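There is one chain below, alone, in structure tokens, taken in the form predicted alone.
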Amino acid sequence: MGTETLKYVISLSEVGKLLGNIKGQGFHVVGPVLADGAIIYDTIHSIEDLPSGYQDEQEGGHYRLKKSTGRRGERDALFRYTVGPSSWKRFLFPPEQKLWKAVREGKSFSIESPKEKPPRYAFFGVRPCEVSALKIQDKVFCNNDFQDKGYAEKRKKSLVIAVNCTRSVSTCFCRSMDTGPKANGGFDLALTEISDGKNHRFIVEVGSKKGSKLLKGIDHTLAERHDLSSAAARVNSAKRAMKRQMPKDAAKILSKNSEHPHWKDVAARCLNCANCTMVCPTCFCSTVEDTTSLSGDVAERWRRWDSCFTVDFSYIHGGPIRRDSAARYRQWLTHKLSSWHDQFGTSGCTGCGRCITWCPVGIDITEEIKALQKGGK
């Protein structure tokens, strides 16, 4: 189907030129960087900003970065790690956002809306599960019933450079969610890294006209059969390494077991810290806060991330609806994996495993679903 199926080969040095092309077209490039012992997403200026030679170690409640070992190519790989605590939603749906400002002027007042034009983001290094997360967030913020103008404007202008996974960690379960480890559309370009110590190269799949234009001036050749086979073998290796699986009928299990006694068992372990919702690439709960200056001359309204794990999130006149931990955890998991289908026609989970890694007590949502299945309806 035209450029959508074209695949090329580029060298490591040409990846640097690709970044230059993206910046030259006026995009603000955001990608993986090393900070505070983790891989996060922040502004990058060149290929040197990427944390090459690192890989991650993840388990329930455990995250560590270490230098890659093994063959020379693996030690020098740009993308041998998977995902960290950051997600791309923080750029499209910021943790805090000023909605308006009111300033008193004598006996009257004026309303000021933020006038800054959002940057044209280029997201570089988006994993397949995260590409799926962007598609899910699009359903939330850009559907037929609701349009978040700020999100929609930034998303429309954004560029997505995906990176297929050639390695997975123990918390990954995108395979069972059909969201990886290879990206299936939703990108402008998709890279697959082949670092075998002899010829460090990347297979590039073109997903849009914008992506095709980025290759102008880049030294690239059509991918041959052995290149494609090598790339596929690496992606399949990451796929086979995934041991965690989400039960296929998770939505049905949750919808039929709202009173299962296991919810109390989860509540006994859950700290209600909201880490899982903060690192989740699709959670979108927010609250609105009004602030007023001490003089009373200036008032501002802000939208900030919130979580269904906070007591006040379900507060109405008379008190919160979900008072105990079991009710709040049930709300999160049931909405994420079951009722989300009713609202948006898809699951709210992409199998990235962040909620497992960054849970202080290592609660594993795949295991919780299996526990509800036992003895449930």
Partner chain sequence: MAKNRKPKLAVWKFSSCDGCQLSLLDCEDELLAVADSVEIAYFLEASRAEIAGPYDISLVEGSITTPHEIERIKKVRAQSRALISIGACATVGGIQALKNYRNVDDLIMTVYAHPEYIDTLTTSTAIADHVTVDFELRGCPINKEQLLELINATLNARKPNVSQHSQCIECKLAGTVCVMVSQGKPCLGPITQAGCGNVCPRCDRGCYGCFGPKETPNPAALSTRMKELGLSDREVKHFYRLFNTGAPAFHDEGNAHE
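These numbers come from a predicted model, not from an experiment. Numbering follows the first chain given and starts at 1. Under this definition, the rigid core comprises the largest set of C-alpha atoms superposing within 1.5 Å between the forms.
Omitted from view is the form predicted together with its partner chain, to which the following refers.
- At a distance threshold of 4.5 angstroms between non-hydrogen atoms, Ala38 is in contact with its partner chain in the predicted complex.
- Using a 4.5 angstroms threshold between heavy atoms, Val163 stays clear of its partner chain in the predicted complex.
- Among residues of the shown chain, Thr292 is one whose heavy atoms approach its partner chain to within 4.5 Å in the predicted complex.
- At a distance threshold of 4.5 angstroms between non-hydrogen atoms, Thr310 is in contact with its partner chain in the predicted complex.
- Contact with its partner chain in the predicted complex, judged by any heavy atom within 4.5 Å, is made by just one of Arg120, Arg301, Lys252, Arg90: Arg90.
- Proximity to its partner chain in the predicted complex, defined as a heavy atom within 4.5 Å, singles out one entry of Gly217, Pro114, Pro95, Gly185, which is Pro95.
- Taken together, the three residues Ala267, Arg328 and Val361 all lie with some non-hydrogen atom within 4.5 angstroms of its partner chain in the predicted complex.
- In summary, the region of this chain contacting its partner chain in the predicted complex, judged by heavy atoms within 4.5 Å and restricted to 217 to 225, 137 to 145, 243 to 251, 277 to 285, corresponds to 277 to 285.
- When the rigid core is held fixed, the Cα atom of Lys107 travels 2 angstroms or more between this form and the one not shown.
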